[in-house]
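Presented as structure tokens, the chain that follows is alone, the form predicted on its own.
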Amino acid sequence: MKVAVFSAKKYDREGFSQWADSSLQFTYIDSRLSSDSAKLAAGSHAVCVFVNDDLNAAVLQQLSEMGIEMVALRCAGFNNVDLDAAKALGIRVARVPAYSPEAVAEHTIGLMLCLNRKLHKAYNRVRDDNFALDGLLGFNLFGKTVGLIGTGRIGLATARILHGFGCRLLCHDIVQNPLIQELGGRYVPLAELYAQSNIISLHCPLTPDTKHLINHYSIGSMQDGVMLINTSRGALIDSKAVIAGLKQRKIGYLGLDVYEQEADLFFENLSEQVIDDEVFKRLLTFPNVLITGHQAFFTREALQEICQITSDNLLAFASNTATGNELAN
């Protein structure tokens, strides 16, 4: 089966190379999947895509007309796919529901620790032979209240680490996870979570109901100086509202691994270009903001799982069997 892999990077090529044989033949395409690049999938039976590839109804129609019968997501999120259109066109969609929750959870904690103890600033100071501690004051995580919005696999992995730090856990999810409660976590309404949490971390999927979950109103309900962390999906946060919250000192720390308009920025080297995104550039001006470029998933273990499960999904499609990872069929 021929598979067109969009948004392909060196690590994707290396990861999928062990699966390339007579059953799966991968063609690697550097560009993101869009209405302009969809034609590059001609001659393939399936496309393999990542978080910023666009699979709206028009793109899916193009793929269907070329004979594409499957979309293999090499990620857990699927907000970039019009599932209704895929189902209507008879295109099967499968994802990687869990590759390494611990990878994202550990990056989440890393953002918390780096922002709190200002490790990035300390590193640069020491390299300049500046060993003064002024401006580097942090706080103990022990005893702090952390609000987790979303308690699926990644939220649970994050909760386990925070439990080890001695944090009090407040959680919110439409489905309560009994393993969270075993850690001492308590499910509360969002209003209570916002009001009582010293740190708020987002681990929920992006849906119409959760888009801009963090907005002017919710930020206004939070404690002064709250730490806000997002390693889930960028559009959970209204970036302009967050900028206002930073300016008003309502948000004391902001850690982002995702950004609402990241599709035109992340995963590329833009160091020799002028970035036109004024909102993103404004975020970078704040000394209490730390942004990483959607790398929370990026560990050896996670990449191995992603490549293996994605390949298994493709092979299952080729043999007309189910994997349990299907979103539309």
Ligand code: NAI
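Please read all numbers here as calculations on a predicted model, not as lab measurements. For every residue, the number given is its place in the sequence shown, counted from 1.
In what follows, reference is made to the form predicted together with this ligand, a form of this protein that is not presented.
- Taken together, the three residues 115, 201 and 255 all stay farther than 4.5 Å from this ligand in the predicted complex, as judged by their closest heavy atom.
- Note on contacts: among 179, 191, 133, 174, the single residue with a heavy atom within 4.5 Å of this ligand in the predicted complex is 174.
- Heavy atoms within 4.5 Å of this ligand in the predicted complex belong, among the stretches 242 to 250, 224 to 232, 119 to 127, 83 to 91, to residues of 224 to 232.
- Mapping the unseen interface onto this chain, residue 154 counts among the residues with a heavy atom inside 4.5 Å of this ligand in the predicted complex.
- Proximity of residue 150 to this ligand in the predicted complex falls within the 4.5 Å heavy atom cutoff.
- Mapping the unseen interface onto this chain, residue 99 counts among the residues with a heavy atom inside 4.5 Å of this ligand in the predicted complex.
- By the criterion of a heavy atom within 4.5 Å, residue 218 is excluded from the residues contacting this ligand in the predicted complex.
- In the predicted complex, the residues of 274 to 298 lying within 4.5 Å of this ligand by at least one heavy atom are, in order, 294, 296, 297.
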